[in-house]
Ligand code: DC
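The chain below stands alone and is given in structure tokens; this is the form predicted on its own.
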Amino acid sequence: MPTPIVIAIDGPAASGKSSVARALARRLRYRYVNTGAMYRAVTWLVVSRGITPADTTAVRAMLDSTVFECGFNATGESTVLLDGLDPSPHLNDASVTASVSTIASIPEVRRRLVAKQRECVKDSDVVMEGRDIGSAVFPETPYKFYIDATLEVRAARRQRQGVADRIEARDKQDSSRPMSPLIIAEDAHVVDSSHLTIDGVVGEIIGRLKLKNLALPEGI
């Protein structure tokens, strides 16, 4: 069996990486893994159980007793169940957005979810997006992209989405955590999405993949 291909899409909040990664996966006919949704799912469970996100001891205890089920739906997008519960309707709740960076900074949470993320590519090519895919989860992949945009553009995007998100504060927290901080991998290609459409960013990525001689589906 050939080694599955991983295309890593990293970037800060509201850079457009989720939309780009999902659209790219559809174009390439790869599976799509949203690692941010995994961290939001854990955050939702913490909040819903009345645990203080900063109480790392309580979060670790919850983590140890939680059954994670990761898979893919009919469209090839990643799914996650926690103790049989589907957190997807709550992933953008204000309480989740306010605490997800705190939860994601806990080393035990990262280790547990990184292991799950690596399991997702055992038998399929994937586009995986997050904050540490190219730098920590799959540092060996030659297909690394970092999607960025100005702070003003990202804040405006969040406002249009109706999501309360302290972009600058999240940037600082995500970039300064001791384990797997948000960084630009040395060999990542940076795309500024500030003034590009989703299709424009996807087109630039596909152009880079062609330069790297990645075999693409016919017609691309």
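Don't overthink the numbering: it's just position in the shown sequence, from 1. The model shown is predicted, which means the values in this text are computed figures rather than measured ones.
Below: the form predicted together with 2'-deoxycytidine-5'-monophosphate, not depicted.
Asker: Is 2'-deoxycytidine-5'-monophosphate in the predicted complex close enough to Leu45, Asp83 and Leu85 that every residue in that trio has a heavy atom within 4.5 angstroms of it?
Answerer: No: no residue has a heavy atom within 4.5 Å of the partner.
Asker: Within 4.5 angstroms, counting heavy atoms, which one of the listed stretches 35-43, 148-156, 48-56, 187-195 is next to 2'-deoxycytidine-5'-monophosphate in the predicted complex?
Answerer: This holds for exactly one stretch, 35-43.
Asker: Contact between Lys144 and 2'-deoxycytidine-5'-monophosphate in the predicted complex at 4.5 Å, heavy atoms?
Answerer: Taking the distances in the predicted complex, the answer for Lys144 is no, it never comes within 4.5 Å of 2'-deoxycytidine-5'-monophosphate.
Asker: Would you classify Ala104 as touching 2'-deoxycytidine-5'-monophosphate in the predicted complex, given a 4.5 Å non-hydrogen atom cut-off?
Answerer: Yes - in the predicted complex, heavy atoms of Ala104 and 2'-deoxycytidine-5'-monophosphate come within 4.5 Å of each other.
Asker: I'd like to know whether Arg110 contacts 2'-deoxycytidine-5'-monophosphate in the predicted complex, with contact meaning heavy atoms within 4.5 angstroms.
Answerer: Within the cut-off, so yes.
Asker: Can you work out whether Arg177 and 2'-deoxycytidine-5'-monophosphate are in contact in the predicted complex, taking contact to mean some heavy atom pair no more than 4.5 Å apart?
Answerer: Judged by the heavy-atom cut-off of 4.5 Å, Arg177 is in contact with 2'-deoxycytidine-5'-monophosphate in the predicted complex.
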